[in-house]
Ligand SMILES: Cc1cc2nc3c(=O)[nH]c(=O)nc-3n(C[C@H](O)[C@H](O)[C@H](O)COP(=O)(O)OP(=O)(O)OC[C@H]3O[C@@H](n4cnc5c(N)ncnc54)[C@H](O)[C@@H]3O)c2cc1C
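Take a look at this single chain in C-alpha coordinates; it is the form predicted on its own.
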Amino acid sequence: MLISRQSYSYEMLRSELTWVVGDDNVQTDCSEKLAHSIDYYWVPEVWHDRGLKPQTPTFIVHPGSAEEVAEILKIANTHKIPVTPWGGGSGSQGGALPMYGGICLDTKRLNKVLEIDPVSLTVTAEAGIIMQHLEWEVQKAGFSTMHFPASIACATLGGFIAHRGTGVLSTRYGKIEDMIMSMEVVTPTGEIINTLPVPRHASGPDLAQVFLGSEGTLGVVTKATMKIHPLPAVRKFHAYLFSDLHSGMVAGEKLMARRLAPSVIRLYDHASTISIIKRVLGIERKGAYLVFGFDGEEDIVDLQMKKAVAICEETAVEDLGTEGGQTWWDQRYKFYYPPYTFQMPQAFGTLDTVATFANIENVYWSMKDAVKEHCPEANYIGHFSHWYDWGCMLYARFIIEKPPQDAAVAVALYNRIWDAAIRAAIKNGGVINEHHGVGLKLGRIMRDLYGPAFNVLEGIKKTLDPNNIMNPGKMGFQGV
(Lines give C-alpha, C1' and ligand atoms only; values in the text may rest on other atoms or scores of the structure.)
Protein backbone atom coordinates (compact mmCIF):
# COMPACT_ATOMS: atom_id res chain seq x y z
CA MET A 1 0.00 0.00 0.00
CA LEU A 2 1.51 3.30 -1.11
CA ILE A 3 0.60 6.21 1.11
CA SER A 4 0.58 9.82 -0.05
CA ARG A 5 1.29 12.37 2.67
CA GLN A 6 -1.75 14.35 1.59
CA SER A 7 -4.37 11.66 1.80
CA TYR A 8 -7.07 10.28 4.06
CA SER A 9 -5.11 7.04 4.38
CA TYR A 10 -2.04 8.88 5.66
CA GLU A 11 -3.97 10.71 8.36
CA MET A 12 -5.90 7.64 9.44
CA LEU A 13 -2.77 5.52 9.69
CA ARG A 14 -0.95 8.24 11.61
CA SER A 15 -3.86 8.33 14.06
CA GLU A 16 -3.70 4.57 14.56
CA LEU A 17 0.03 4.61 15.22
CA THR A 18 -0.24 7.60 17.54
CA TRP A 19 -2.91 5.81 19.56
CA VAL A 20 -0.43 2.98 20.19
CA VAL A 21 2.78 4.88 21.02
CA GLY A 22 1.74 8.50 21.59
CA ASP A 23 2.12 11.53 19.38
CA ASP A 24 5.75 12.21 20.38
CA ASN A 25 6.78 8.76 19.21
CA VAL A 26 5.52 9.04 15.63
CA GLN A 27 7.81 11.21 13.52
CA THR A 28 7.26 12.43 9.98
CA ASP A 29 9.61 15.40 9.63
CA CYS A 30 12.07 15.42 6.75
CA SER A 31 15.23 15.38 8.88
CA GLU A 32 14.18 12.22 10.71
CA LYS A 33 13.19 10.56 7.45
CA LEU A 34 16.59 11.35 5.95
CA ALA A 35 18.39 10.08 9.06
CA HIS A 36 16.50 6.79 8.79
CA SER A 37 17.21 6.34 5.07
CA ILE A 38 21.02 6.07 5.12
CA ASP A 39 23.09 3.53 7.02
CA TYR A 40 26.79 2.70 6.59
CA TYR A 41 26.21 0.99 3.24
CA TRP A 42 28.21 2.83 0.59
CA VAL A 43 25.45 2.96 -2.03
CA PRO A 44 23.00 5.21 -0.11
CA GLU A 45 25.97 7.30 0.99
CA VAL A 46 27.08 7.98 -2.57
CA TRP A 47 23.44 8.47 -3.61
CA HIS A 48 23.07 11.20 -1.02
CA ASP A 49 26.52 12.63 -1.80
CA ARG A 50 25.58 13.06 -5.46
CA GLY A 51 22.42 14.98 -4.54
CA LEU A 52 19.96 12.19 -5.30
CA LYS A 53 16.91 11.59 -3.11
CA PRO A 54 17.00 8.37 -1.08
CA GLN A 55 13.95 6.23 -0.35
CA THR A 56 12.56 7.41 2.98
CA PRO A 57 9.99 5.89 5.36
CA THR A 58 6.54 7.37 5.65
CA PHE A 59 6.55 7.14 9.45
CA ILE A 60 9.27 6.62 12.04
CA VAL A 61 7.66 4.92 15.02
CA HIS A 62 9.33 4.46 18.42
CA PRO A 63 7.68 1.66 20.42
CA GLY A 64 8.34 1.38 24.16
CA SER A 65 7.34 -2.24 24.74
CA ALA A 66 6.84 -5.57 23.02
CA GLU A 67 3.10 -5.00 23.27
CA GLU A 68 3.42 -1.76 21.33
CA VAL A 69 5.53 -3.51 18.69
CA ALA A 70 2.82 -6.15 18.39
CA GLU A 71 0.11 -3.54 17.87
CA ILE A 72 2.18 -1.74 15.24
CA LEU A 73 2.68 -4.97 13.29
CA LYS A 74 -1.03 -5.75 13.47
CA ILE A 75 -1.79 -2.33 12.01
CA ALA A 76 0.80 -2.88 9.28
CA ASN A 77 -0.73 -6.25 8.42
CA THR A 78 -4.20 -4.76 8.20
CA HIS A 79 -3.03 -2.12 5.74
CA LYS A 80 -0.30 -4.28 4.17
CA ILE A 81 2.36 -1.67 4.88
CA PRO A 82 6.10 -2.52 4.96
CA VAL A 83 7.87 -2.38 8.33
CA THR A 84 11.64 -1.94 8.54
CA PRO A 85 13.21 -2.46 11.99
CA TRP A 86 15.93 0.06 12.86
CA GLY A 87 18.47 -0.27 15.67
CA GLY A 88 21.55 1.95 15.63
CA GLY A 89 21.66 2.40 11.86
CA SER A 90 25.33 1.39 11.77
CA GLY A 91 24.97 -1.62 9.46
CA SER A 92 27.01 -1.77 6.27
CA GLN A 93 24.72 -3.98 4.15
CA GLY A 94 21.64 -1.80 3.67
CA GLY A 95 19.66 -4.11 5.94
CA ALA A 96 17.83 -1.24 7.65
CA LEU A 97 17.00 0.81 4.54
CA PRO A 98 13.24 1.42 4.08
CA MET A 99 13.19 0.21 0.48
CA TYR A 100 9.43 0.57 0.09
CA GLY A 101 8.68 3.41 2.49
CA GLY A 102 6.10 2.48 5.10
CA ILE A 103 6.98 2.26 8.79
CA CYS A 104 10.51 2.49 10.14
CA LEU A 105 10.37 0.79 13.54
CA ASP A 106 13.09 2.47 15.61
CA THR A 107 13.71 0.23 18.64
CA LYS A 108 15.93 2.48 20.78
CA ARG A 109 13.22 3.19 23.37
CA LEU A 110 13.53 -0.51 24.25
CA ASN A 111 16.70 0.23 26.18
CA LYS A 112 16.35 -1.19 29.69
CA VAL A 113 18.56 -3.68 31.50
CA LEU A 114 15.96 -5.89 33.17
CA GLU A 115 18.01 -8.34 35.23
CA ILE A 116 21.59 -9.32 35.96
CA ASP A 117 21.78 -12.87 37.32
CA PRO A 118 25.14 -13.37 39.12
CA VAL A 119 24.42 -17.05 39.77
CA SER A 120 23.61 -18.18 36.21
CA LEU A 121 25.89 -15.46 34.78
CA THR A 122 23.31 -13.92 32.47
CA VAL A 123 21.89 -10.50 31.73
CA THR A 124 18.42 -9.82 30.35
CA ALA A 125 17.93 -6.58 28.44
CA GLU A 126 15.62 -5.00 25.90
CA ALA A 127 16.95 -5.30 22.38
CA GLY A 128 17.09 -1.59 21.56
CA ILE A 129 19.82 -0.88 24.10
CA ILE A 130 23.12 0.43 22.73
CA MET A 131 25.71 -2.29 23.30
CA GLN A 132 28.13 0.01 25.12
CA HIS A 133 25.41 1.02 27.57
CA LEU A 134 24.67 -2.64 28.27
CA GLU A 135 28.37 -3.37 28.80
CA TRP A 136 28.71 -0.48 31.24
CA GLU A 137 25.78 -1.72 33.32
CA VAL A 138 27.13 -5.26 33.39
CA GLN A 139 30.59 -4.04 34.37
CA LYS A 140 29.13 -2.16 37.33
CA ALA A 141 28.09 -5.56 38.66
CA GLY A 142 31.61 -6.94 38.14
CA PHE A 143 30.99 -8.77 34.85
CA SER A 144 31.35 -8.31 31.10
CA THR A 145 29.44 -9.40 28.02
CA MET A 146 32.83 -9.83 26.28
CA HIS A 147 31.12 -8.52 23.14
CA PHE A 148 33.40 -5.71 21.95
CA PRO A 149 32.69 -4.90 18.28
CA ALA A 150 33.98 -1.73 16.64
CA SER A 151 30.39 -0.45 16.52
CA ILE A 152 29.84 -0.96 20.26
CA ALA A 153 29.17 2.76 20.80
CA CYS A 154 26.34 3.03 18.29
CA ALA A 155 24.86 -0.41 17.50
CA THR A 156 22.09 -2.12 19.48
CA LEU A 157 21.83 -5.57 20.99
CA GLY A 158 18.99 -6.34 18.58
CA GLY A 159 21.09 -5.22 15.65
CA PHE A 160 23.83 -7.69 16.53
CA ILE A 161 21.25 -10.46 16.87
CA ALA A 162 19.74 -9.51 13.52
CA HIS A 163 22.93 -10.09 11.54
CA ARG A 164 24.89 -12.48 13.78
CA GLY A 165 27.42 -9.85 14.74
CA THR A 166 30.73 -10.49 16.42
CA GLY A 167 33.24 -8.68 18.61
CA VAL A 168 36.98 -8.47 19.06
CA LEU A 169 37.13 -11.33 21.59
CA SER A 170 35.06 -13.78 19.55
CA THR A 171 37.89 -16.30 19.26
CA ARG A 172 37.33 -17.24 22.90
CA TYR A 173 33.84 -15.98 23.74
CA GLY A 174 32.05 -16.57 20.44
CA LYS A 175 29.79 -14.53 18.23
CA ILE A 176 26.47 -13.09 19.39
CA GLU A 177 24.64 -16.36 18.59
CA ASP A 178 26.97 -18.16 21.00
CA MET A 179 26.15 -15.63 23.71
CA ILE A 180 22.34 -15.64 23.46
CA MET A 181 20.42 -17.80 25.92
CA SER A 182 16.86 -16.89 24.91
CA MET A 183 14.86 -14.18 23.15
CA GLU A 184 11.48 -12.51 23.11
CA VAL A 185 10.28 -11.98 19.54
CA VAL A 186 7.24 -10.30 18.04
CA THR A 187 6.19 -12.21 14.94
CA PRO A 188 5.08 -10.37 11.78
CA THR A 189 1.43 -11.08 12.63
CA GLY A 190 1.79 -9.50 16.07
CA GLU A 191 2.24 -12.48 18.38
CA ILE A 192 4.72 -12.16 21.26
CA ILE A 193 6.67 -15.39 21.64
CA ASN A 194 9.64 -16.55 23.69
CA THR A 195 12.26 -19.09 22.77
CA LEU A 196 13.15 -21.71 25.38
CA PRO A 197 15.10 -20.41 28.40
CA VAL A 198 18.27 -22.33 27.58
CA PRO A 199 20.04 -22.89 24.25
CA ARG A 200 21.11 -26.48 24.86
CA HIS A 201 18.27 -29.00 24.86
CA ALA A 202 16.68 -31.86 22.95
CA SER A 203 13.21 -30.34 23.05
CA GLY A 204 12.94 -30.12 19.30
CA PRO A 205 14.69 -27.61 17.02
CA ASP A 206 16.21 -24.49 18.54
CA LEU A 207 13.68 -21.80 17.63
CA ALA A 208 16.14 -19.06 18.52
CA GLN A 209 18.24 -20.02 15.50
CA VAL A 210 15.32 -19.13 13.22
CA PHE A 211 15.46 -15.52 14.30
CA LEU A 212 19.21 -15.14 14.80
CA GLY A 213 20.54 -13.63 11.58
CA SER A 214 17.10 -13.05 10.07
CA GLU A 215 17.69 -9.28 9.78
CA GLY A 216 14.16 -8.25 10.70
CA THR A 217 12.58 -10.29 7.90
CA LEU A 218 10.93 -12.82 10.23
CA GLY A 219 10.00 -10.66 13.21
CA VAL A 220 11.29 -8.13 15.75
CA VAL A 221 13.50 -9.19 18.64
CA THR A 222 12.41 -7.12 21.64
CA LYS A 223 14.29 -8.74 24.54
CA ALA A 224 17.20 -11.13 24.99
CA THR A 225 19.02 -12.97 27.74
CA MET A 226 22.72 -13.38 27.09
CA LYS A 227 25.73 -14.81 28.88
CA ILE A 228 28.04 -12.64 30.95
CA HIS A 229 31.51 -13.40 32.29
CA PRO A 230 33.56 -12.44 35.34
CA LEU A 231 36.05 -9.69 34.60
CA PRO A 232 39.42 -11.37 33.94
CA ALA A 233 42.27 -10.93 36.39
CA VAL A 234 44.63 -10.10 33.53
CA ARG A 235 44.57 -9.66 29.77
CA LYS A 236 47.91 -9.91 27.95
CA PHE A 237 48.97 -9.52 24.32
CA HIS A 238 51.97 -10.27 22.12
CA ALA A 239 52.77 -9.47 18.50
CA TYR A 240 55.07 -10.93 15.84
CA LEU A 241 56.05 -10.12 12.29
CA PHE A 242 56.08 -12.88 9.67
CA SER A 243 57.71 -12.75 6.27
CA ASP A 244 54.47 -13.45 4.42
CA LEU A 245 50.79 -14.17 4.86
CA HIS A 246 51.14 -17.95 4.65
CA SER A 247 53.67 -18.29 7.45
CA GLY A 248 51.56 -16.07 9.68
CA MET A 249 48.48 -18.12 8.85
CA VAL A 250 50.24 -21.37 9.76
CA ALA A 251 51.19 -19.90 13.14
CA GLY A 252 47.60 -18.80 13.78
CA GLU A 253 46.32 -22.24 12.81
CA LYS A 254 48.69 -23.86 15.30
CA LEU A 255 47.46 -21.55 18.09
CA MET A 256 43.96 -22.85 17.44
CA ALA A 257 44.84 -26.49 16.69
CA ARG A 258 46.69 -26.88 19.99
CA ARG A 259 43.60 -25.56 21.81
CA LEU A 260 45.41 -22.79 23.65
CA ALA A 261 42.13 -20.81 23.82
CA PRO A 262 43.33 -17.35 22.82
CA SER A 263 40.78 -14.60 23.34
CA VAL A 264 41.87 -12.88 20.14
CA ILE A 265 44.05 -13.46 17.07
CA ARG A 266 44.48 -10.95 14.26
CA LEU A 267 46.66 -11.52 11.22
CA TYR A 268 47.18 -8.64 8.77
CA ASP A 269 48.36 -9.16 5.22
CA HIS A 270 51.35 -7.29 3.77
CA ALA A 271 49.20 -4.50 2.31
CA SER A 272 47.49 -3.88 5.66
CA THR A 273 50.75 -4.06 7.59
CA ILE A 274 52.50 -1.41 5.50
CA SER A 275 49.47 0.89 5.47
CA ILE A 276 46.95 0.57 8.30
CA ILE A 277 49.23 -0.93 10.95
CA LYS A 278 51.78 1.77 10.21
CA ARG A 279 49.24 4.61 10.33
CA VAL A 280 47.23 3.50 13.36
CA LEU A 281 49.84 1.75 15.51
CA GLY A 282 53.02 3.45 14.35
CA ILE A 283 54.64 0.06 13.67
CA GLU A 284 56.55 0.46 10.41
CA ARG A 285 57.32 -3.00 9.04
CA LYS A 286 57.00 -5.10 5.89
CA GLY A 287 55.44 -8.53 6.11
CA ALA A 288 52.44 -9.93 7.97
CA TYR A 289 51.65 -8.56 11.44
CA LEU A 290 50.15 -11.10 13.89
CA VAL A 291 48.76 -10.17 17.31
CA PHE A 292 47.19 -12.51 19.86
CA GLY A 293 46.05 -12.32 23.44
CA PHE A 294 44.82 -14.33 26.40
CA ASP A 295 42.75 -13.39 29.42
CA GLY A 296 41.79 -14.96 32.75
CA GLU A 297 43.78 -15.98 35.82
CA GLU A 298 47.36 -14.76 35.53
CA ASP A 299 49.17 -18.07 36.03
CA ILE A 300 47.01 -19.73 33.36
CA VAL A 301 47.42 -16.79 30.98
CA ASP A 302 51.19 -16.86 31.43
CA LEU A 303 51.32 -20.55 30.55
CA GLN A 304 49.11 -20.05 27.49
CA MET A 305 51.27 -17.13 26.41
CA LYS A 306 54.46 -19.16 26.84
CA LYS A 307 53.11 -21.91 24.58
CA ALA A 308 51.91 -19.38 21.97
CA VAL A 309 55.21 -17.53 21.93
CA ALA A 310 57.06 -20.81 21.33
CA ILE A 311 54.86 -21.50 18.29
CA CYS A 312 55.52 -18.10 16.77
CA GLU A 313 59.25 -18.20 17.47
CA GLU A 314 59.52 -21.15 15.09
CA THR A 315 58.89 -19.07 11.95
CA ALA A 316 58.48 -15.37 12.82
CA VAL A 317 61.05 -12.92 11.48
CA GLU A 318 60.68 -10.42 14.34
CA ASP A 319 59.33 -10.45 17.89
CA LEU A 320 57.38 -7.21 18.39
CA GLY A 321 56.88 -8.08 22.03
CA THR A 322 54.13 -7.38 24.49
CA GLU A 323 54.25 -3.69 23.66
CA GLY A 324 53.55 -4.42 20.00
CA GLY A 325 50.49 -6.42 21.08
CA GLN A 326 49.22 -4.10 23.81
CA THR A 327 49.40 -1.15 21.45
CA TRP A 328 47.01 -2.94 19.11
CA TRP A 329 44.52 -3.59 21.94
CA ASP A 330 44.68 -0.01 23.18
CA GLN A 331 44.09 1.35 19.66
CA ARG A 332 41.73 -1.37 18.39
CA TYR A 333 38.79 0.95 17.70
CA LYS A 334 40.82 3.65 15.94
CA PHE A 335 40.93 1.50 12.78
CA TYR A 336 37.20 2.17 12.26
CA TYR A 337 36.97 5.91 12.90
CA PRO A 338 38.27 9.03 11.11
CA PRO A 339 40.89 9.79 10.03
CA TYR A 340 41.89 6.13 9.70
CA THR A 341 38.74 4.61 8.28
CA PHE A 342 37.74 4.71 4.64
CA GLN A 343 35.12 7.31 3.78
CA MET A 344 33.71 9.44 1.00
CA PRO A 345 34.82 10.34 -1.62
CA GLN A 346 36.47 6.89 -1.66
CA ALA A 347 34.45 3.86 -2.70
CA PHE A 348 35.01 0.97 -0.33
CA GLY A 349 33.55 -2.33 0.75
CA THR A 350 34.26 -4.97 3.38
CA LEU A 351 34.24 -8.39 1.72
CA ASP A 352 34.13 -10.45 4.88
CA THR A 353 33.71 -14.19 4.58
CA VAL A 354 34.68 -17.32 6.51
CA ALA A 355 36.07 -20.70 5.49
CA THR A 356 37.97 -23.69 6.84
CA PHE A 357 41.73 -23.52 7.31
CA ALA A 358 42.10 -25.73 4.24
CA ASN A 359 40.31 -23.13 2.09
CA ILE A 360 40.78 -19.69 3.60
CA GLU A 361 44.01 -18.74 1.83
CA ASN A 362 42.54 -19.75 -1.53
CA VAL A 363 39.54 -17.56 -0.71
CA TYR A 364 41.84 -14.62 0.02
CA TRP A 365 43.74 -14.89 -3.27
CA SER A 366 40.69 -15.63 -5.42
CA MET A 367 38.89 -12.58 -4.04
CA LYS A 368 41.94 -10.43 -4.64
CA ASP A 369 42.16 -11.64 -8.24
CA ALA A 370 38.45 -10.95 -8.76
CA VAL A 371 38.72 -7.41 -7.43
CA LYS A 372 41.76 -6.63 -9.60
CA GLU A 373 40.14 -8.12 -12.70
CA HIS A 374 37.08 -5.91 -12.45
CA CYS A 375 38.79 -2.80 -11.09
CA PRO A 376 42.59 -2.77 -11.58
CA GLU A 377 42.94 0.58 -9.82
CA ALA A 378 41.33 -0.73 -6.61
CA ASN A 379 43.44 -1.48 -3.58
CA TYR A 380 42.82 -4.83 -1.89
CA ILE A 381 43.76 -5.43 1.74
CA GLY A 382 42.76 -8.03 4.28
CA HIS A 383 43.15 -9.35 7.78
CA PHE A 384 41.94 -12.47 9.54
CA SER A 385 40.10 -11.39 12.65
CA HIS A 386 37.84 -14.12 14.05
CA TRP A 387 39.26 -17.61 14.51
CA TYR A 388 37.59 -20.93 15.17
CA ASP A 389 38.70 -24.50 15.83
CA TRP A 390 38.15 -25.30 12.17
CA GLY A 391 38.91 -22.07 10.28
CA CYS A 392 38.83 -18.30 10.37
CA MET A 393 37.20 -15.21 9.01
CA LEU A 394 38.69 -13.01 6.28
CA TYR A 395 38.02 -9.29 6.63
CA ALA A 396 38.99 -8.21 3.12
CA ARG A 397 38.44 -4.75 1.74
CA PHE A 398 38.59 -3.02 -1.60
CA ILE A 399 39.20 0.72 -1.86
CA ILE A 400 38.81 2.91 -4.93
CA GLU A 401 40.34 6.33 -4.38
CA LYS A 402 38.50 8.06 -7.23
CA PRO A 403 35.26 6.29 -8.15
CA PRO A 404 33.15 7.53 -11.07
CA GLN A 405 31.32 10.77 -10.35
CA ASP A 406 28.06 9.60 -11.92
CA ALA A 407 26.17 7.76 -9.16
CA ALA A 408 24.68 5.11 -11.44
CA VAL A 409 28.05 4.32 -13.02
CA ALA A 410 29.74 4.21 -9.60
CA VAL A 411 27.11 1.88 -8.15
CA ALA A 412 27.29 -0.42 -11.19
CA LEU A 413 31.08 -0.73 -10.76
CA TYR A 414 30.68 -1.25 -7.03
CA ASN A 415 28.16 -4.07 -7.55
CA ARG A 416 30.32 -5.78 -10.19
CA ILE A 417 33.21 -5.95 -7.73
CA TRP A 418 30.97 -7.42 -5.05
CA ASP A 419 29.44 -9.95 -7.44
CA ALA A 420 32.82 -11.17 -8.66
CA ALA A 421 34.54 -11.26 -5.26
CA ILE A 422 31.76 -12.99 -3.32
CA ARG A 423 31.16 -15.56 -6.05
CA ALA A 424 34.90 -16.26 -6.04
CA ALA A 425 34.71 -16.80 -2.28
CA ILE A 426 31.78 -19.21 -2.64
CA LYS A 427 33.56 -21.14 -5.39
CA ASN A 428 36.55 -21.66 -3.08
CA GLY A 429 34.67 -22.71 0.04
CA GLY A 430 33.64 -19.37 1.54
CA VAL A 431 30.20 -17.90 2.18
CA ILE A 432 28.45 -14.61 1.44
CA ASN A 433 29.28 -13.05 4.77
CA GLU A 434 30.62 -13.77 8.25
CA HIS A 435 29.26 -11.10 10.59
CA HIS A 436 27.98 -8.01 8.76
CA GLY A 437 24.95 -9.80 7.33
CA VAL A 438 23.29 -9.97 3.92
CA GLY A 439 20.85 -7.06 3.78
CA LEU A 440 20.09 -5.42 0.46
CA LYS A 441 23.70 -5.50 -0.71
CA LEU A 442 24.13 -9.26 -1.06
CA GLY A 443 20.61 -10.61 -1.26
CA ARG A 444 20.91 -11.34 -4.97
CA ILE A 445 23.61 -13.96 -4.24
CA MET A 446 21.64 -15.91 -1.61
CA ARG A 447 20.24 -18.40 -4.14
CA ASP A 448 23.73 -19.06 -5.47
CA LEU A 449 24.92 -19.86 -1.96
CA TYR A 450 21.98 -21.96 -0.78
CA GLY A 451 20.79 -23.56 -4.01
CA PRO A 452 17.50 -25.47 -3.58
CA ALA A 453 17.77 -25.00 0.21
CA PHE A 454 16.79 -21.35 -0.27
CA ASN A 455 13.25 -22.62 -0.95
CA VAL A 456 13.16 -23.72 2.70
CA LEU A 457 14.03 -20.22 3.87
CA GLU A 458 11.36 -18.78 1.60
CA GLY A 459 8.84 -21.22 3.06
CA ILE A 460 9.64 -20.07 6.60
CA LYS A 461 9.31 -16.45 5.49
CA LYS A 462 5.91 -17.00 3.86
CA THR A 463 4.59 -18.90 6.87
CA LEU A 464 5.66 -16.34 9.45
CA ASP A 465 5.02 -13.27 7.29
CA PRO A 466 2.08 -14.06 4.98
CA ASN A 467 1.61 -10.44 3.93
CA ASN A 468 5.34 -9.84 3.38
CA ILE A 469 5.45 -6.73 5.53
CA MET A 470 8.72 -7.40 7.39
CA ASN A 471 11.74 -5.75 5.80
CA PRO A 472 10.81 -6.84 2.26
CA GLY A 473 13.51 -7.00 -0.39
CA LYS A 474 16.29 -8.01 2.03
CA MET A 475 18.29 -11.25 2.28
CA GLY A 476 17.12 -12.31 -1.16
CA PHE A 477 13.44 -12.35 -0.20
CA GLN A 478 10.96 -10.71 -2.56
CA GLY A 479 10.08 -7.05 -2.38
CA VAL A 480 6.64 -5.48 -2.22
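Bear in mind that the values here come from a model prediction, so they are computed numbers and not experimental data. Heads up: residue numbers just count along the shown sequence, starting at 1.
Absent from the display: the form predicted together with the named molecule. The rest refers to it.
Enquirer: Scan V220, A239, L73, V363 and let me know which has any heavy atom within 4.5 Å of the named molecule in the model of the complex.
Expert: Contact residue from the list: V220.
Enquirer: Only one of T353, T145, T225, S151 gets a heavy atom within 4.5 Å of the named molecule in the model of the complex. Which one?
Expert: Answer to the contact question: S151.
Enquirer: Any idea which of 402 to 410, 90 to 98, 363 to 371, 188 to 196 reaches within 4.5 Å of the named molecule in the model of the complex, heavy atoms considered?
Expert: That would be stretch 90 to 98.
Enquirer: Quick one: is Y40 in contact with the named molecule in the model of the complex, heavy atoms, 4.5 Å cut-off?
Expert: Yes, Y40 is a contact residue.
Enquirer: With the cut-off set at 4.5 Å between non-hydrogen atoms, does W136 touch the named molecule in the model of the complex?
Expert: Residue-level check for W136: no, no contact with the named molecule.
Enquirer: Look up in the model of the complex whether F160 has a non-hydrogen atom within 4.5 angstroms of the named molecule, and give yes or no.
Expert: Yes.
Enquirer: Should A155 be classed as touching the named molecule in the model of the complex when contacts are defined as heavy atoms within 4.5 Å?
Expert: Yes, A155 lies within 4.5 Å of the named molecule in the model of the complex.
Enquirer: Taking the named molecule as it sits in the model of the complex, which residues of 443 to 477 have a non-hydrogen atom within 4.5 Å of it? Please list them.
Expert: Residue within 4.5 Å: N471, and no other.
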